[in-house]
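The chain below stands alone, shown as structure tokens; this is the form predicted on its own.
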């Protein structure tokens, strides 16, 4: 009985600190923050008037549907009213969307992929700037990472692909040497919620902002990118796997509508 209680308690702790709990908590907080921020940065009175006018014009279309001139005039007023409403909502939406987008980018570092399972093979792909750099490229591995097959050279794409496996949980640095220069790529093995970077890039600032969690590769190296094929993470709900971003959107929208009604904020 004691063993069962301990096992049940550990399962509860695992659920409460797992990806699903994190997404639920963050979604509720973001839903509340979206509504409050929209309320403070928008002209609530003007939005209320614009929505009431749209409702009135829609009602006129239904009441006078047999009178073509009235219906056409109402459609024109609906179009103008919609443009007016969008103008009123555009600036507050910018205040909401920008920080949420940056938050989602950071969350995806932890929730988008899972670490490589222990002893499971994975691919390390290095893309070079020219085919000449492929000839002298070498890979130095820590003792916890082993090579499971010879490297594959893809000259047409300026790439070398190594098949590797991790033998122990942890984060490890792998060193790629090319043209007298050495650069590192971190690989996460095992479980948990480590900060994962699927690719390391040279330059490409905006691409790095959204897809990489590592510093830019030095400009003087012949390597353009280093990537690892981490498994995608799916959050299980009632037996169905779902990407965390879809779950986040659904829950944050539901939470936003609930808080909108509770706080009486016009959106």
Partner chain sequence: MKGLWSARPTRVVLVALVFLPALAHAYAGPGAGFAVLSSFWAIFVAFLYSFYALMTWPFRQLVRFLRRRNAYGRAKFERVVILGFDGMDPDLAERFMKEGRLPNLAKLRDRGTFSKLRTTFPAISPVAWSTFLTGVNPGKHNIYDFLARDTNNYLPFLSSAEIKGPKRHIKIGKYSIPFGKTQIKGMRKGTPFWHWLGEAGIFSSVIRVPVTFPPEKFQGVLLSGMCVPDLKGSQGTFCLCTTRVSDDKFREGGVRVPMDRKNGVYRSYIPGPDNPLIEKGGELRADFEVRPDLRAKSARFVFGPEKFALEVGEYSEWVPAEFKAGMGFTAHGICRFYLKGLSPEVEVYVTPVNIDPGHPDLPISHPVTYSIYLAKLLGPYATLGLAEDTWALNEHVLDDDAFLAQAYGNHEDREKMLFDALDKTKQGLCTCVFDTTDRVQHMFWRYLEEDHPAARDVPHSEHPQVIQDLYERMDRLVGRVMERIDDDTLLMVISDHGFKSFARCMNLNAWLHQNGYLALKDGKSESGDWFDDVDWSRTRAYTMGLNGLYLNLKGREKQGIVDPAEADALKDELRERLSGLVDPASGAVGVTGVFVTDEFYRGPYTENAPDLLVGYGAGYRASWDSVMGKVTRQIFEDNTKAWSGDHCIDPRLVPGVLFSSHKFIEDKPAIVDVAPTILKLFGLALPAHFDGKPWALASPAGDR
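Positions refer to the first chain, counted from 1. In this text, the rigid core denotes the largest set of C-alpha atoms whose superposition between the two forms falls within 1.5 Å. Given the structure is predicted, the values throughout are model-derived calculations rather than measurements.
Another form exists, predicted together with its partner chain; not displayed. Remarks below refer to it.
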| item | value |
| --- | --- |
| Partner-proximal stretch of 178-186, 120-128, 87-95, 140-148 relative to its partner chain in the predicted complex, 4.5 angstroms, heavy atom | 87-95 |
| Of 75, 110, 172, 158, the one that lies within 4.5 Å of its partner chain in the predicted complex (heavy atoms) | 75 |
| Joint contact, 153, 168 and 237 to its partner chain in the predicted complex, by non-hydrogen atom at 4.5 Å | no |
| Residue contact check: residue 22 to its partner chain in the predicted complex, 4.5 Å heavy atom | no |
| 4.5 angstroms heavy atom contact with its partner chain in the predicted complex for residue 232 | no |
| Residue 210, heavy atom within 4.5 angstroms of its partner chain in the predicted complex | yes |
| is_contact(residue 35, its partner chain) in the predicted complex, heavy atom dist at most 4.5 Å | yes |
| Sequence-ordered residues of 34-67 touching its partner chain in the predicted complex, heavy atom within 4.5 Å | 34, 35, 38, 45, 52, 53, 54, 55, 56, 57, 58, 59, 60, 61, 62, 63, 64, 65, 66, 67 |
| Post core alignment: residue 226 C-alpha displaced by 2 Å or more between this form and the one not shown | no |
| Residue 44 C-alpha shift between this form and the one not shown of 2 Å or more, rigid core reference | yes |
| C-alpha of residue 82 off by 2 Å or more between this form and the one not shown on rigid core | yes |
